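Below you will find one chain, with nothing else, as structure tokens; this is the form predicted on its own, and questions on how it binds or moves follow later.
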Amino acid sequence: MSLISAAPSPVGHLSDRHFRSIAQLIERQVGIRLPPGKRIMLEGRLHKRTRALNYSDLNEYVEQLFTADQLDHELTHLIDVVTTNKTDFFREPQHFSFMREIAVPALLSVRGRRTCNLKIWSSASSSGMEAYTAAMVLDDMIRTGSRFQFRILGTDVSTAMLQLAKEAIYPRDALAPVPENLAKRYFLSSVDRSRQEVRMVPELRRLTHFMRMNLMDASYPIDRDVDIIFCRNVLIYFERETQRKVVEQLCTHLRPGGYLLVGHSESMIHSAVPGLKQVQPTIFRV
């Protein structure tokens, strides 16, 4: 999850008070800090929503937001507006190589000859590319001789991103990082060639499910025997103490021997979480 810059708003600027109110709300709800340097970004992000609701300027929008009957209704829209998810297929590809070559074989060896049903959780799934990358890698392993089944869950705080993930329709140029053999096998081209779009094949869509969840929640409605959790490039937006709490909570959902994969700028998290062992700079095991 990342926050990106946008042009200044033509419907005015936020007052100091209103900026602080929004920043505090976003940090409280989703853990993301909005320091003063993000003010222009926030104003730019809020313009479209302000216009859509026919408010005269940004400050009127914020005033109305905090009335008793508006916040509950508007909060989901606000979170969608100010959080934009940056993701790609095969982002940080060494993680998927590790999953194929080390993590999955190790998990299978522990289970012995029993039927193995791997559970993979993409905990900040954005538009679904991370979850579907994992699905491609695992399905390819099965096709080349490995014997297991798998299910993948993707969660995110943004309802807009989750809708994109469920639809699984992407611009054709998003396939650039996908190996050619996998792109041919796992994506269908739009019948309308002018659209330059592809869609994940139904076989993998059936194995990949998405639901809304906030990493700031006190508890997660997730199984406690997950094999691999991806939580990449979202912890960097949290304060240190929030990072620790989130990672501790995630680890309670890993089965013994399960793996947690984080982003490259998040590789020091293990020092604050007892029982989390570093396998590689961005890969941990419980």
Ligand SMILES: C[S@@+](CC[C@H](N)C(=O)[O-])C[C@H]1O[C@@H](n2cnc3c(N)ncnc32)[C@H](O)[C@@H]1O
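Note that residue numbering follows the sequence shown and begins at 1. As the structure is a computational prediction, the values presented were derived from the model and not from experiment.
The same protein also exists as the form predicted together with the ligand; that form is not shown, yet it is the one meant from here on.
Proximity to the ligand in the predicted bound form, taken as a non-hydrogen atom within 4.5 angstroms, holds for one residue of Asn214, Ser97, Ser146, Ser190, which is Asn214. Residue Val157 is the only one of Met136, Val157, Ala103, Met200 with a heavy atom lying within 4.5 Å of the ligand in the predicted bound form. Looking at 202-210, 117-125, 136-144, 180-188, the stretch with residues near the ligand in the predicted bound form, meaning non-hydrogen atoms within 4.5 angstroms, turns out to be 117-125. When the ligand is considered in the predicted bound form, Arg111 lies well away from it, no heavy atom lying within 4.5 Å. Contact check for Asp88: a non-hydrogen atom falls within 4.5 Å of the ligand in the predicted bound form. At least one heavy atom of Arg232 is located within 4.5 Å of the ligand in the predicted bound form. Under a 4.5 angstroms non-hydrogen atom cutoff, the ligand in the predicted bound form has Val30 among its neighbouring residues. Using a 4.5 Å cut-off to the ligand in the predicted bound form, not one of Tyr132, Asp227 and Thr282 places a heavy atom inside that distance.
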